[in-house]
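The chain below stands alone, shown as structure tokens; this is the form predicted on its own.
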Amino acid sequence: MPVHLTAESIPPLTKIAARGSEKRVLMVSPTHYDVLYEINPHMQGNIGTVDKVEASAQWNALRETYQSLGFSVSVIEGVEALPDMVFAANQTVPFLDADGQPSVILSKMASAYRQAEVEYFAEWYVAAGYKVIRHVNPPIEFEGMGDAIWHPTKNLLYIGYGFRTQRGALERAAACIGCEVVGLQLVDPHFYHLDTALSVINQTTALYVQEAFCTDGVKILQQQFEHLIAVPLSEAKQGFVTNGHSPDGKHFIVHQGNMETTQQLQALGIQVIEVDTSQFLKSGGSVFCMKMMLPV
């Protein structure tokens, strides 16, 4: 069931920068990217099938796409034996506190295969001058911006829970960041992170996979967005169209070939930029998973 924590129900500890104002992107080099295990349905049958040369070319093309739109890109070096570290959206939630101090919540990854990734991100954020907030005790599973999506220009954060993130993470995020939180329960294991089921384009427009949410969750999204586009299930599962990303409310970077959704976005004046992330789809991730937007 959806959960809505209002600003009045949480301590007014912090504030955030205006959504959509970020001009910096964080990525992880794909040197050690591979499919070595199965922790989501998309990985099944893909162990050992990654073309690493092609993966590197696809990653570089995505980095260059962000740079072409005016975003600077910082890179953390990948780590051997951590093949999914390349999906940089999952390990943290960065924000600005009430004093404008860059801060970051560290994730508690659900899979033991991925838990060691977080410390490498913590080291990077410390060096970059961020205040690091570690998990509470006992830890609550919370997979960062993979399950957390901002509503542009609002102090409102959508958090998906049910597969990788626990419901208790909603209150933690709300209290740490000082924002309203809308919790959306995910009900289909193919859409195990919110960023595989919901893509917010701008303040009025979003893509979503209707089958990934319960009825009440769909109703909440319909209330929040004037243009809420239900994508074809085939484009969501095979084309990862809801794992595309709009960094500025005007452009939408997405895996190539999702024709029906592309046409609907173009009709609304959104410029669609197609990229090839086929090697990363083998591990269950695409554009949104491969980057982190930074507040500074």
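What you see is a predicted model, and the numbers here were worked out from it, not measured in a lab. Each residue number is its position in the shown sequence, starting from 1.
Below: the form predicted together with a small molecule, not depicted.
- The shortest heavy atom separation between Gly146 and the small molecule in the predicted bound form is within 4.5 Å.
- Phe95 falls outside the set of residues with a heavy atom inside 4.5 Å of the small molecule in the predicted bound form.
- Looking at Thr196, you'd find a heavy atom of it within 4.5 angstroms of the small molecule in the predicted bound form.
- Taking the partner from the other structure, the small molecule in the predicted bound form has a heavy atom within 4.5 Å of a heavy atom of Asn40.
- With the partner omitted here, the residue from Phe213, Phe87, Phe142, Phe121 that has a non-hydrogen atom within 4.5 angstroms of the small molecule in the predicted bound form is Phe87.
- Contact check for Arg114, Arg164 and Cys289: all three have a heavy atom within 4.5 Å of the small molecule in the predicted bound form.
- Look at 53 to 61, 66 to 74, 32 to 40, 231 to 239: in the predicted bound form, residues with non-hydrogen atoms within 4.5 angstroms of the small molecule sit in 32 to 40.
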